[in-house]
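Before any questions on how it binds or moves, here is one chain, the form predicted alone, in structure tokens.
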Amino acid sequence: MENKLMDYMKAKELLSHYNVKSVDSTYINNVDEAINFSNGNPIVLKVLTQKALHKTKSGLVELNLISDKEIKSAYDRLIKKSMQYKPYKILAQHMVDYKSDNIEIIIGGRKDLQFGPLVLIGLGGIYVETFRDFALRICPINKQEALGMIDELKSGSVIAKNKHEKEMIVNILMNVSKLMTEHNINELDLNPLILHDNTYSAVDLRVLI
């Protein structure tokens, strides 16, 4: 049976039930709704479609839009590009403030035919494929196993710079592990999940069922 991409807002709601935070997001139907959602703050616009699962590679993401003019131009560009990907939805998200000490990680899960649900952590964003630095465990995991996953990474000390961050990541891993155990999910990606200002935000999420 073919994998199906779960609706973004439904996936966001599911993750929230497991105390996994993601950035404020909403579907928009026109440029005025995007401008109202922005309210003078930087936003991202994304085209969501089953026909292009990798939005950035397909040019379906517009970042750091602040002025009404920027938002309108970006919206118009996305509408033109998305004609070949019908049906689609346009998602608006608040942007996480970029700071030099922000860290992008990936936390995810997948169903293995032999071992069942697995949970994963590693460096996120563009570094997933570059460094291949990640740790896997069979679900469900406990706190010691989650700590072991972080310590196993070459980038562990970069990802978890202090005790607070390490505990925060441990909680996310345990919550995702529980989610994978309790739901029939083939694949889950939180990438990137940005660590910033002693908290975190999942800025892109993908759930295949």
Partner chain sequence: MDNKYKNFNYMMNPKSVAIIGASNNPDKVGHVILQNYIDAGYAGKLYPVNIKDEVSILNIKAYKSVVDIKNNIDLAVIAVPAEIVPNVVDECGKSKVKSIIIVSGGFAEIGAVELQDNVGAIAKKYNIPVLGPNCLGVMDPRTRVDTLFLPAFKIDKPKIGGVSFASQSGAVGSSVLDMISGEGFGLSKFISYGNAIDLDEVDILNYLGNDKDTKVIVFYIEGVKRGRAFMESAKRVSMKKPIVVAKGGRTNAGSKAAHSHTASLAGSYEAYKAVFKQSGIIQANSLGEILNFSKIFDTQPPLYGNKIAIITNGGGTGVMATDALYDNKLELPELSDSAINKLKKVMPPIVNVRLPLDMAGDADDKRFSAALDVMMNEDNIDAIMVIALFQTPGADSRVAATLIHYGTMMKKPLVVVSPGGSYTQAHKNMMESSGIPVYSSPEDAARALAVLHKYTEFKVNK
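Keep in mind it's a predicted model, so treat the numbers as computed, not measured. Positions refer to the first chain, counted from 1.
The same protein has a further form, the form predicted together with the partner chain, not shown here; the description that follows concerns it.
Interface stretch in the model of the complex with the partner chain - options 32-40, 63-71, 159-167, 144-152, non-hydrogen atom within 4.5 Å: Result of the contact check: 144-152.
- request: May I ask whether H54, F115 and N191 each come within 4.5 Å of the partner chain in the model of the complex, counting any non-hydrogen atom?
  value: All three within 4.5 Å in the model of the complex.
- prompt: So in the model of the complex, does any heavy atom of C139 sit within 4.5 Å of the partner chain?
  reply: Answer yes; at least one heavy atom of C139 falls within 4.5 Å of the partner chain in the model of the complex.
Interface membership of R110, the partner chain in the model of the complex, 4.5 Å heavy atom rule: Taking the distances in the model of the complex, the answer for R110 is yes, it comes within 4.5 Å of the partner chain.
message: Residue-level contact is defined here as any heavy atom of the residue lying within 4.5 Å of the partner chain in the model of the complex; does Y88 satisfy this criterion?
response: Flag for Y88 set to no.
message: Residue-level contact is defined here as any heavy atom of the residue lying within 4.5 Å of the partner chain in the model of the complex; does L208 satisfy this criterion?
response: Flag for L208 set to yes.
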